[in-house]
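Next up: the same protein chain in two forms, each one alone, written as C-alpha cells (structure 1, then structure 2).
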Structure 1
C-alpha cells in the first residue's frame, strides 16, 4: 500500500506560526480539543545499526559494540549496542570508561557518510507514507497524519505505526521504534516506551496522565541544569512540580520557564510538525589529543577548520555574514568571539582573515593551554538573495577572485580527495584522524 503523490482528501492542519517554537502563547493552545495524529519515528541505536550495516564482519559480528571516539584519546561513546548497555555504558560517556565497564566491547568510529545516507533513505521512505514529515535529527522524524483516517480506511494510529515500521525496515534495513499521540511531546515520550523496535500510542485524552507518569529527566527540554534546580527544591517528579504553587515555581525558574514547564507536564504542546527550513549555521570544532599552547599550531588548526566550514558553506550555496571562533581551556571554560561583517562571504580567504583576528582576541583573554578550538559561520544568506546595499563605499571583505580561488580548490578536492592540497601551514590529517570502516575499531 503506498501513498498517492498528492492525497486529495487529506485535510492538513494549517499552522500560521513561523518557527514552530513552543511559545505557549494564549492564541495557539494545544488544549483538549487537540485531535492531531502525530508519530515520532525513532531509529533504534542508529549509529550502531549503521556501523553494523556498513561493516557486517567487523562491527556486525560483535554483540558488544561502541560507536564513538577513540579509546585512548578523549573520545566519547555516541551510541552503544543494547547488549553493552547492561554494563552501565551510556552515550556521552568517555570511551575509556565505557571500556572499563565493558571490556569485551569493540569500539568503532562513527560512520558519518553512511549515517547521512541511511538517514536520507529513511526520510524519503517516510515522505512517501505521510503528508508532513519533520526531520528532527538524523535519526528522528515526526509525522503528522492528521486527516488521513479515511485515506487509510479507518486504520488506527497504532496500526499505521506498525505498518510504517515494517515498511521502513524493508526499504532501508533500519529498525525503528514508533511513538504516537496527539502532540509531539507525547509521541516523543511514547517512542521511549516503544523501544526497542516497538510501537506505543497514547490515546487522545490520556496525555496528562501519561506525561505525569514519566520521569522528569525524560521530558524533552528538561536538562541537567533545570533538573538540579528542581531537585534542590525537593521536586523530583511531575506531580511534585505541579503540586507547587505557581508563584513559587516562577520565582525559582523564572515566569516563562515556569509556564512552559507546567504546560509540558500537563501534556500540552501545541508545536506543529513542520518540515525543517534552511540551515542557520555551519561550524567545525576540534578537541586536541593534548592541550595546545603554541600559537602557530593553533593557527594551523584554525586554518583547517576554516577550510572545512568554507567548503561546507559553498557546497550549500550560502554565504555567511557572522564568523565565530571558540576556544575551550583546560578548566573546560568556553569562550567565543564573533564578528559580523558588512557583507556575507564564502571564500576561505575572507573567513580566515576574520577568524584569525578573532583567535588573537581570544588568546589575549585567556591564560594557559587550549583544549578545543572551533570556528563557525552564521547569519547565512542564499547566494542569489538580494545583497544589502552598503550605505557607504568601503573596502570589500571579499573579492571575486578570492571566491573563484576557493571554488577551484573545492573542485580539486572533490576530484582528487581531501588530501590533494594542503596550503602551506596546514596540519595534514594526523594519526588521530582515523578512517572509518577499516579493521577492528581504532587504535591511534
Structure 2
C-alpha cells in the first residue's frame, strides 16, 4: 500500500485579541512595525517528503521513515516522518538509537540533489507570489507582504497564507506549514503551531501574549546554555522571566543579554526580511561505514571534502578566510578546530593546507577511532571585494595559478563527471553515509 506523501491540510484558528488592530499597549510598539505582513513558509518534514517523491514505491510506501544514515545503524538522522517521531526519534540522533526506538522504521540516505532541486522549485514559486523572499534554510522561507493588501484584493494575511500553501503544493508537490505576523520571530513561532500542513497567523497587537504562551526552549536564540542558566534560577517560562526585576536579570545573564531576552519574550523583533540572503558558510561531512583509525585514510577523505567545499565556493563566486575541521569519535563526542587566514582563499591547495593542519591538531587530542569527518569554510567574501592588508605573516599563499588550476579541474569534472579527475593519493569512495552540511538540516 502506498503511503500518503503529504499530510492533510489542517486549518488553524487564527489567533485573535478581540476588536480591531490596536495602536499601542502590551505587545505593540506602534508605527511601521505593526503594519508589517510577514509569513514563514516551512516545508513539512522536507527531507522525508523529498525521499518519498524520489522513491514512491520504496520510501513512499512506509509510514515509519528515517532519512539519513544507513540500515546498519551508521550515521545520523537528518529527518524522521511524523509517524516515527512519537517513538522519540528526532533529527540529529544516531541512526542506531533511532532504530532501537522505532524498529519498524525504514532508513534511506538523504537525496541531496533532489532536495536542492525541490528547494529551488519552492523558492521560485514563492518569488512569483511575494515581492520579498528570504531563504532562511533549505526548507524555510520568509516572505514580506507589506503593502500588498490592495494587490491581493484586501484578503487577510491568513487567507493569503492559505492561497500560497495551496499553490506551492500544486506546483512543487511539497506540503508546507505557514506562520504569520508582524515580526519574523512571531512568524517563526506561529509556523510551529501550524504544523503539519496548516496556517496560523498572529495579528498585530497579539505578539506579546502569543510569545509568552510559548515554551522557552522553542524561542529562537535561547540556546541550551541560556536555558540552563534560567532554569537554575527557577525561570521555566516567559512569564517567569518577565516577572523578574530587570536589575536581577542583568546580574544573572548580563545587561545586553537581559535586554535582548526581555524584548524577545515581548515579541519584539525589528529584523527585516532580506531577499537573496548570502550563505554564511559552506561545508561537507562524511560518516564512515566503519570507524577509521588510519591517519592516511582520514587524510584522503579530508581531501575529498576539500574538493567538494572548494568547488562549491568557486561556483558561488566567493572565497573563505576561515577553515574548520570537525571529527566525531566512537563515543559520539564532537571536536572542532578552526583557523582564520590572513587572506580569503578559494583554491583546493590553500584550503587543503589549512584543513590538514587542523586535522593533525584534532587527532593529537583524541584517542580511539573516528566515525565522522567534516570540513567547512566560512567568513566568506566576494571575489571582487577589497583584499584585507595582512598585519601578520600570511598563513596561506594562494597564487592566481592555483586558482586557475582549481577552476580547470571544476570544468573537467562538470564535463566528464565527479570521478573524472582527482589529486594523487585520494582513495576511491567507500560505503559511507553523507548528509547535508551545516545550515542544511531540518529541525524536528
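Each form is matched to the other, and the largest set of C-alpha atoms that superpose within 1.5 Å is called the rigid core. Residue numbers count along the first chain shown, from 1. Note that the structure is a prediction, hence the values are computed from the model and not measured.
Note that the form predicted on its own is the one shown as structure 2, not structure 1.
If you fit the rigid core between the two structures, you'll see the Cα of residue 375 move by 2 angstroms or more. Relative to the superposed core, residue 404 shifts its CA atom by 2 Å or more between the two structures. Once the cores line up, the CA of residue 318 ends up 2 angstroms or more apart between the two structures. Per-residue C-alpha deviation between the two structures, core superposed: residue 295, 3.9 Å. For residue 340, the CA shift between the two structures after superposing the rigid core equals 5.4 Å.
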